[in-house]
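Take a look at this one chain, the form predicted on its own, written out in C-alpha cells.
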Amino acid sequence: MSNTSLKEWTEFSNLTLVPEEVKGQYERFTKATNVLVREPEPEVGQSPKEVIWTRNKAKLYRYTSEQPRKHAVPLLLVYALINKPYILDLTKGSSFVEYLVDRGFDVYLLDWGTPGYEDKNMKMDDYVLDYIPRAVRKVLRASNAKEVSILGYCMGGTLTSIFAALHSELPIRNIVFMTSPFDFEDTGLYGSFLDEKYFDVDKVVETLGNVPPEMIDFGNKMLKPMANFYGPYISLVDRADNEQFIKSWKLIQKWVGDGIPFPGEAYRQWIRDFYQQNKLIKGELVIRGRKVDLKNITANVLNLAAEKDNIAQPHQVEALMNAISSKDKKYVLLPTGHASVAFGPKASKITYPTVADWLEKRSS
C-alpha cells in the first residue's frame, strides 16, 4: 500500500461514522503489515552455551547455567538434518533447553550446521557412524559421566535409533524419541508425493546436488496447503492486537523460513530407503555395510508422538515399540502437532515436564 493510500485509509478510519468493527479490522491489518515489512526478526537460541567440539560444519554445544546440576547422566539433543535446531531453544521463557537446564540436567546439543555444495556427498552413514558417536564420547568426557541420555527430535530421533542399534557398546542409559518416524509404510500424502513411479530421486539429487530448503518446506506445506500457505497470515491479521501472539508468530515463522539444504546423498537415502522402501522397520537398512537391527536397542526408551502430527504420524512413531528390546519403554501420545510439541503453551505445560519427569527418575 502506498503512503498516499495509507494516509487516505488512516483519515477514513478516523471518521466518526466508520463502524468500530471496521476500524478494528483496519488497525489489525496495519499492525500485521508492520510486522511483515518493518519489524526486525526476533533473536533466537539465546540460552548461554559453549562450543566443546566441532567437525566440518557441525558444533557440539554445552549449555551453561548458574543452576546446580542435579543429575549424574548428561543429556545430548540430536536434531534433524533439514532445519535449524533452535526450535529447542526458541526464546527465553519458552525454551525446552532452558527448562531442562533449570531442572538440573547437563544439556548438550549437536548442531549439524548448514551444509554447502561441497557436502553434497555426505550420507546418513557419515552422520550416524562418524558424528553422533564422537559427540557422545565428547559428552561423556566433558561431564565426567559413565552413561548418557539422548533425545532425538523428528528425523534426529530416526538417526538416533540407527546409531543406538549400531553402537550397543556405548553406555546409553536413556533415549527419548520425540515425534520421530520409524515405519514408512503409510506416510499419508508423502506416500503419493514420493512414490517412485512418479518421483525420480536420482534425477533430483543429480540435478540439484543438495536439496534446497524451499523444496523441503514446499513439500511439507502441501500436506495441508490452505492451512500452511495462507493460514499463518490470516491468523496474524485476526490476532494482530495480541502482542503475545505476535511474538510467538514471529518466532515460529522465523524458524519455518530458516531451513537448511539437505545433503544430496543423505536425501537420496532418506527418500529411497525410508519413504520408498521402508527398510528401517523391516530390518533391511544397511549403513556402511552394516545391517541395522532395532532389536539391538536395549536402553530405557520414552517414545513421544503428537496426535496432530502429519509429518511423523502417531502410527509411524508407535511402530518402534515392538521393534526394540528395551524392558523399560513407554509410548505417550501428546495433544500437540509436530512443531508445537517443542514450542508453545502445550509444550511448556505438557511436553517439557513429561520428558523431564521421565528422565529424572532414570538419571541418578
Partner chain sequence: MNQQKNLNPFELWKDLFNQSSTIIDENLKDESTSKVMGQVLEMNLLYKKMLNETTEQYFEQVNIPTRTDLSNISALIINVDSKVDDLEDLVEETASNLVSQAELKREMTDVKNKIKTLDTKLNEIINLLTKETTTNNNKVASKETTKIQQG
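Residue numbers count along the first chain shown, from 1. Model, not experiment: these values are computed from the prediction.
Keep in mind that the form predicted in complex with the partner chain is not shown, yet the notes after this line are about it.
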Query - Partner proximity in the predicted bound form: P171 to the partner chain, non-hydrogen atom cutoff 4.5 Å - result: no
Query raised in the report: Does the 4.5 Å heavy atom contact test between G283 and the partner chain in the predicted bound form come out positive?
Result: no
Query raised in the report: Is P225 one of the residues lying within 4.5 Å of the partner chain in the predicted bound form, judged by heavy atom distances?
Result: yes
Report task. Answer yes if any heavy atom of G231 is within 4.5 Å of a heavy atom of the partner chain in the predicted bound form; otherwise answer no. Result -> yes
**Report entry** Answer option from K250, R103, K138, R272, heavy atom within 4.5 Å of the partner chain in the predicted bound form
**Finding:** K138
Query raised in the report: With the partner chain left out of view, which of T64, T54, N296, Q46 would have a heavy atom within 4.5 Å of it in the predicted bound form?
Result: T54
Query raised in the report: Where does the partner chain sit in the predicted bound form: which of 160-168, 104-112, 206-214, 79-87, heavy atoms within 4.5 Å?
Result: 206-214
Query raised in the report: So which bits of 245-266 sit within 4.5 Å of the partner chain in the predicted bound form, heavy atoms only?
Result: none
